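Form predicted alone, single chain, as structure tokens, below.
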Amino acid sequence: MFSIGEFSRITTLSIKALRLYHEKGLLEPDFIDMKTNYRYYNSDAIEKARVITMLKQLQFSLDDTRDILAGYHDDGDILDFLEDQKSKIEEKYLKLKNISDSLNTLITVEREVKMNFAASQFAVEEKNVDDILVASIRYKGKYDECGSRFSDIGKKFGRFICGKAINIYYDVEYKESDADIESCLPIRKGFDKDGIVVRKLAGGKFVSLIHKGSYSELSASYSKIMDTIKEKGYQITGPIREQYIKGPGMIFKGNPKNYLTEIQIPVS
């Protein structure tokens, strides 16, 4: 065994550093004399000390070094151990890179949302909406199911349709799978048919805002219109509507950046 001084000379680690590494659990002596408190190391510790020195030169912190060496407990070939640790680090790197790429995408999208919102010529406005006749299907499901409902209505009332598609949301909160939705298309005339109800959709006083952009970016516009309602002290008197002025067609989806959606909230 080597005394701490001898081990210090062999490994080119100062005694102060060796004591610190002992305290941090990085490099523990093989024997401590209980009378003198002297530390002693055997030859197997030299290899580990060399690895600690190399990791330090590579700018690894003591905590990182301890984590890397956490699984090394025997006196086997440290090269095999380091190769295993390298594989684990590379695996973590790939995961972090995927996270980084996802964050870059999110940052790009959020920048576009802010730029589009700032450049939008549309403002919150108050208006009176007339009663209209609609053919509608009310259901509970996911928000993206409305396309098939509009299609069903279109097949039955195609030549009588006279306006843009409307969704009415009866829930106060957002729901992932069982949202209470009514999908409507304005029509000139018609009667109930195959589960599709023809009814008068009441008008009244609404606060509205036209949103330009994809449906996934609607939250910014909702925040703006809700802020206006609160600032003016209005009370919401019914379910929120979205009218799709410009959106995806049945065949061509178009560019979501150019979609136009009018948010309509009834107030008093």
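From 1 onward, residues are counted along the sequence shown. Note that the structure is predicted; figures quoted are calculated from it, not measured. Here the rigid core means the biggest group of C-alpha atoms that line up within 1.5 Å when the two forms are laid on top of each other.
Below, we turn to the form predicted together with the DNA, even though it does not appear here.
For the residues D63, E231, D30, D44, the 4.5 Å heavy atom test against the DNA in the model of the complex is passed only by D63.
Contact with the DNA in the model of the complex, defined as any heavy atom within 4.5 Å, is confined among 33-41, 214-222, 201-209, 236-244 to 33-41. Contact annotation for V267: none of its heavy atoms lies within 4.5 Å of the DNA in the model of the complex. Although the partner is absent here, I10 sits far enough away that none of its heavy atoms falls within 4.5 Å of the DNA in the model of the complex. Put simply, N255 is far from the DNA in the model of the complex: not one heavy atom of it is within 4.5 Å. Remark: Y259 does not count among the residues lining the DNA in the model of the complex, judged by a heavy atom distance of 4.5 Å or less. Contacts between stretch 170-196 and the DNA, counted in the model of the complex as any heavy atom lying within 4.5 Å, involve no residue at all. Here F206 does not count as shifted, since its C-alpha moves by less than 2 Å between this form and the one not shown after the core is aligned. Superposed on the core, the two forms differ at Y21: its CA moves 2 Å or more between this form and the one not shown.
In the core-superposed comparison between this form and the one not shown, the C-alpha atom of K92 has shifted by at least 2 angstroms.
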